[in-house]
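In the block that follows, a single chain appears as structure tokens, in the form predicted on its own.
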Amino acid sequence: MQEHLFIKKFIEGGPGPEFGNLRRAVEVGRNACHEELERSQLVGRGGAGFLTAKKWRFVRDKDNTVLICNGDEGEPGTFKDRYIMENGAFMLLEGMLISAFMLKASDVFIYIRGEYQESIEAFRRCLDDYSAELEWYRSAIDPSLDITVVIGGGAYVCGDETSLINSIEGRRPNSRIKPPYPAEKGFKDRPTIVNNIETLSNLPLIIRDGGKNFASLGVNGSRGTKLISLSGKVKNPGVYEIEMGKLSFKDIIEGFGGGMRDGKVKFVIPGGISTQVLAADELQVKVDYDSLRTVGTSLGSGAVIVADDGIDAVDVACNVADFFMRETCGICFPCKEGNRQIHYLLEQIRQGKGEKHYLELIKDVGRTACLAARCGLGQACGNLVGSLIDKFPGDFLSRISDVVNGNGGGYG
């Protein structure tokens, strides 16, 4: 199976003479660039799945806009942004400059996960290597352009836009109540656009080939290509690029992944631990936003984690619950207390002290957190755990004392 190279081919080809795509963007003007972005139907690659052009419309007529590139990549199992930074930082930098031009943003930040030392060094080298292009931009477009590298503090919650903004401002990364949204009142109360690294890296391609060409790839609602971080019990883990909506998870596991190292597939986490799992009999679903929505899950960050039939769903659920409990910022009661209770109930089950009604209680707490939490962490914390309970109830029931001892009825 061959990858559908688009981003990777651009990276392999190098930056081209003097950032030609940036110069082309300046030549045709902001309005024409925005029209190409509209035609591309590019959806943000960070997980929320929001149309980039629609997001940018909120600030097109505003001055003093701030652009933030989110490279924190704290979602377990995700490493495709790291691939871009360490292999194609020039592509990202050109995308950031094109975006800054389109948004009239003088202040540009890139927030990189603190553990990604190689990525931080690679991007800083890129700024040095292309200092001439940066000076050209300042002389021709905006003399006040400032690109600041911010090193993340190791908080998963910084995947939330408002928490990330607080962190850049030097404050604790607590989430903010929305509205107002960052496009209205973000960094230091200025209109702010936050986009993922993979999202901005698509801008040079869209300017070079046109939005219509980009939209010719993929399917409705999921245009272009997507980088997938494939890990778990496959023979060939790595970063792969697929055309959206053309391949199933079964294709990815057997083709790019080379099949299982041992055992059979038990379930797949399709987009990081904030998404619902797919059982082995659901792997024919295509990898695109709408297809995954129809089966009750999402593509998230593109972190595809493959679990074999030797893995106990209870252990996975406990580990995920422990992660969310530790990573909540603590400012939001439904998320802070909800995750603590989910973790406690799951640990009781793992230790053989649980009761049948705990299963519904765990899901109910997860749903409550989803409805009441301030940011995406709390809104998604029950997704994976709830789906494991629904799809593998036997793993949980086998740990519950009154069922094991023959004193309980069926699940539910």
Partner chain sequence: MVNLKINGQDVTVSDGATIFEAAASINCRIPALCRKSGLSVYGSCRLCIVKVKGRPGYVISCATPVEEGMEVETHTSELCRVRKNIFELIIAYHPFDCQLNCLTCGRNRECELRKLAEEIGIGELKYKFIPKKHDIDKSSPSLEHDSARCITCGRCVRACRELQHGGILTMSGRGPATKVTTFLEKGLGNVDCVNCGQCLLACPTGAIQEVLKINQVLGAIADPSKLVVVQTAPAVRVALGDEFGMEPGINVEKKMVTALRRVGFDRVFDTVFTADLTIMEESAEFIRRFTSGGKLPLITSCCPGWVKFAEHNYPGLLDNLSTCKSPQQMFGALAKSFFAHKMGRKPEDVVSVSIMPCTAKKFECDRPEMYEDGLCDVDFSLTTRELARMIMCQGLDLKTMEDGEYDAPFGISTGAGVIFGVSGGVMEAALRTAYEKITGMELKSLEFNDVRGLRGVKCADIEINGSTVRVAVANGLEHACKLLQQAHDYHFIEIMACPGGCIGGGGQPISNAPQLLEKRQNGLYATDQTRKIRKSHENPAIIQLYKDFLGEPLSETAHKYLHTHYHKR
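Just so we're clear, the structure is a prediction, and the values are computed from it rather than from any experiment. Residue numbers count along the first chain shown, from 1.
Just so you know, the form predicted together with the partner chain exists too; it's not on screen, but the next bit is about it.
Decide if the three candidate residues C33, R39 and R57 all line the partner chain in the predicted complex, where lining means a heavy atom within 4.5 Å. So, no: the whole triplet misses the partner chain.
Listed residue (G211, G245, P334, G74) with a non-hydrogen atom within 4.5 angstroms of the partner chain in the predicted complex: Filtering the options by heavy-atom distance leaves P334.
Give me the residue from R172, K185, K104, K250 that has a heavy atom within 4.5 Å of the partner chain in the predicted complex. Contact check passes for R172.
Pick from 226 to 234, 188 to 196, 172 to 180, 86 to 94: which stretch has non-hydrogen atoms within 4.5 Å of the partner chain in the predicted complex? This holds for exactly one stretch, 172 to 180.
Please determine whether R374 contacts the partner chain in the predicted complex, using a 4.5 Å cut-off between heavy atoms. Because a heavy atom of R374 falls inside 4.5 Å of the partner chain in the predicted complex, the answer is yes.
Report yes if any heavy atom of A155 sits within 4.5 Å of a heavy atom of the partner chain in the predicted complex; otherwise report no. Contact with the partner chain, yes.
Contact with the partner chain in the predicted complex for G338, defined as at least one heavy atom pair within 4.5 Å: yes or no? Output for G338 is yes: heavy atoms within 4.5 Å of the partner chain.
Taking heavy atoms and a 4.5 Å cut-off, does R326 contact the partner chain in the predicted complex? Yes.
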